[in-house]
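Shown next as structure tokens: one chain only, the form predicted alone.
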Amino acid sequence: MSIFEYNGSALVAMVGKNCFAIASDRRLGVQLQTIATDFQRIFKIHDKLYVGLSGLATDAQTLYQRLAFRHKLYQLREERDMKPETFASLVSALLYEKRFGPYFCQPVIAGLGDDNVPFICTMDCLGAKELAKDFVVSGTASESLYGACESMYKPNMEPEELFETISQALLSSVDRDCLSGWGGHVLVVTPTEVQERTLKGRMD
């Protein structure tokens, strides 16, 4: 078993019309044993920028602390919030810095940039960015998430439809992966509000 699969995870971010959604499962496991069913994988950087960290849970928490620290320094120096593109470059540089003993995380970054244009991207544990205009996935359920998102996604969705689509994609995908699941956690971010919802899924 790969170290990335040790705790199990499922992460997906999707773009809508001037909005985006990011969702994760809630299971924390040690291989096939479930430890917790309310584990947080999506972290807030500021009101319009979120990062999801799949992979090894301990590294995810450490990496988030370092990212939050770096962003606070940026806010103090620049007196403004970081743009999503800038933050993606920061995450990439931070991961590449540790390339010989990497953080075993695959981040998903989602945010609203200038003029509320949504930005999403993912990267591997060495910081190689993969940008997308529609959706990005990460974690042990990524293969089934690709299939579900390919078939369900359509461009320029309104926030409510985007929530429905990302939720159905997540729930149907984690049912095909025994290392992730136990419900879901969905954030839909628009220029004016953030909607946070918890999904109930199969509890096995």
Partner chain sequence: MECVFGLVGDGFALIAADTSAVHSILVHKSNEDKVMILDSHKLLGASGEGGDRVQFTEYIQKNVHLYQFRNGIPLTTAATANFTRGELAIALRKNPYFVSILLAGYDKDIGPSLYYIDYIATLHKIEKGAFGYGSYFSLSMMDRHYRSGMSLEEAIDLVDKCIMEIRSRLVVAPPNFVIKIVDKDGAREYGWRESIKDAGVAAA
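Residue numbers count along the first chain shown, from 1. Since the model is a prediction, treat every value here as computed from it, not as a measurement.
As for the form predicted in complex with its partner chain, it is not shown, yet the points below apply to it.
From the list 61 to 69, 166 to 174, 44 to 52, 135 to 143, the contact stretch for its partner chain in the model of the complex under a 4.5 Å heavy atom rule is 61 to 69. In the model of the complex, N156 stays away from its partner chain, with no heavy atom inside 4.5 Å. By the criterion of a heavy atom within 4.5 Å, Y103 is counted among the residues contacting its partner chain in the model of the complex.
Looking at L28, you'd find a heavy atom of it within 4.5 angstroms of its partner chain in the model of the complex. Although the partner is absent here, D38 is a contact residue: one of its heavy atoms lies within 4.5 angstroms of its partner chain in the model of the complex. Contact residues in stretch 151 to 170 (any heavy atom within 4.5 Å of its partner chain, taken in the model of the complex) are absent; none meets the cut-off.
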